[in-house]
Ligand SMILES: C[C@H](O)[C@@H](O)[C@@H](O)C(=O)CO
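One chain follows as structure tokens, the form predicted alone.
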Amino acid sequence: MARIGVISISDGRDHVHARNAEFIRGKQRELVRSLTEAGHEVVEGGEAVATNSLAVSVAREVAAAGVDVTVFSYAVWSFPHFTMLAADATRGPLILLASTDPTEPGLVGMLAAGGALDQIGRAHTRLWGAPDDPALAAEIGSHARAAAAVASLRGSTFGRFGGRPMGMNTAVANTDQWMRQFGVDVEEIDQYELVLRAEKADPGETAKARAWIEAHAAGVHYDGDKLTPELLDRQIRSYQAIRDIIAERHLDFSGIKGQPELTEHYATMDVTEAFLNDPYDWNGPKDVHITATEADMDGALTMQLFHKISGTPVLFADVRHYHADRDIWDLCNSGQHATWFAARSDDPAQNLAKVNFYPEVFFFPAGGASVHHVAAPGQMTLGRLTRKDGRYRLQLMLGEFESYDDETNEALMRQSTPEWPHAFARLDVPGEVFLANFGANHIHAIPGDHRAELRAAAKLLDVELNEWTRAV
């Protein structure tokens, strides 16, 4: 889950601190127990802060443990300058937490400390409640997971295979801005490297992979033209090549341009991208490696943030069509959906049993397999980091993926590109609001409601939050 530091702040008068010490310890025990029961690792400060020197030493001790977020706990009135000193010794995100027990002025201590931090411009989050309240622990956990996800971006490397695809401005970001704002470096890699390495890939593994796909998929629909065993092998070898480059160059997440060079002259990257984004391949379980099609940089950055928060694969899709009569969006993109989304099972066989590998369509003369399925139903968090006038914003909404009977699914898919994967989404935002304001053609999704974590992440990343609901 997360590693959370807890430091209790006290009164600086010896006789008052002595009177309050056990009360403070009791509130801290309740908080630590609640966070631990929620699955978090808690690092406690050695003692309550009641002097200047303790403010510094205790904060440094907790910070040295590598916590994702530090909670300053206020059970009583606390001298605000202790918070200032402790905050200066704590480089990570801060939560000021006030106990709402009315027998002691914890709220007063928190507000005094928060106001002091405001005066010096130190960002923090303020929470309040009973320390043993599971809802409060959940809220702290959301902030901690967001902090861990944001911290994971700093020092990471994005592998960009190819340049801007088909004039797509929203797929290209400023590398200086990425480093300054997110701490992410960009490694530029020519797609020719992929082709060269793919031709040298281990043929034994390629054969093993194709046999595994043929054995587990709902169907591999060879047509002798756009999809042949040789073309599927080429796609698998492309996966092997990218995987090896990722390992050698220590890439944390990636994007592949694909169009038009590879899709015109080599093969589509659908199989490559799908299995990079999956938590498994023919060799067994593996880490998800977030990979965006069309080398979409802001798409990949969104996906990496979503993945670090949820721990799951992340959907990448075009906003293809709005079925106004059903209030349903068809989120469809050539092969980019990880096969995991077909059933969202830990067992790849259950997912692949719902996946068909169809010949690619006229968009892609080089051919290859499209990785087709209908995404499994369930609650989803959807959104994307987009830019307006050079400034990042997180556009965020809740939704539901829906699936229907085979006849209805087929009828809906035939209205766009049936060979591609589809997610039928009911968004918690009016269609006219979405279409008038969404800042890209690509959208991303993870299972469950992760809006609390993403709200916190937006604040930590200093990006504007555009959160949409039906009330808008």
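Values in this document were obtained by computation on a predicted structure and should not be read as measured data. Throughout, we count residues from 1 along the sequence that is shown.
One more form of this protein, predicted together with the named molecule, exists but is not displayed; see below.
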TODO: Look at the stretches 375-383, 208-216, 163-171, 183-191 and give the one with heavy atoms within 4.5 Å of the named molecule in the predicted bound form.
DONE: 163-171
TODO: Look up in the predicted bound form whether F364 has a non-hydrogen atom within 4.5 angstroms of the named molecule, and give yes or no.
DONE: yes
TODO: Mark E294 yes when one of its heavy atoms lies within 4.5 Å of a heavy atom of the named molecule in the predicted bound form, and no otherwise.
DONE: yes
Open item on the list: So, S334 and the named molecule: in the predicted bound form, are they within 4.5 Å at any heavy atom pair?
Closed with: yes
TODO: Verify the contact flag for N441: yes if a non-hydrogen atom of it lies within 4.5 Å of a non-hydrogen atom of the named molecule in the predicted bound form, no if not.
DONE: yes
Open item on the list: Looking at D132, D318, E261, E104 here, can you tell me which has any non-hydrogen atom within 4.5 angstroms of the named molecule in the predicted bound form?
Closed with: D318
Task: Partner contacts for 391-429, taking the named molecule in the predicted bound form and a 4.5 Å heavy atom cut-off - done: W420
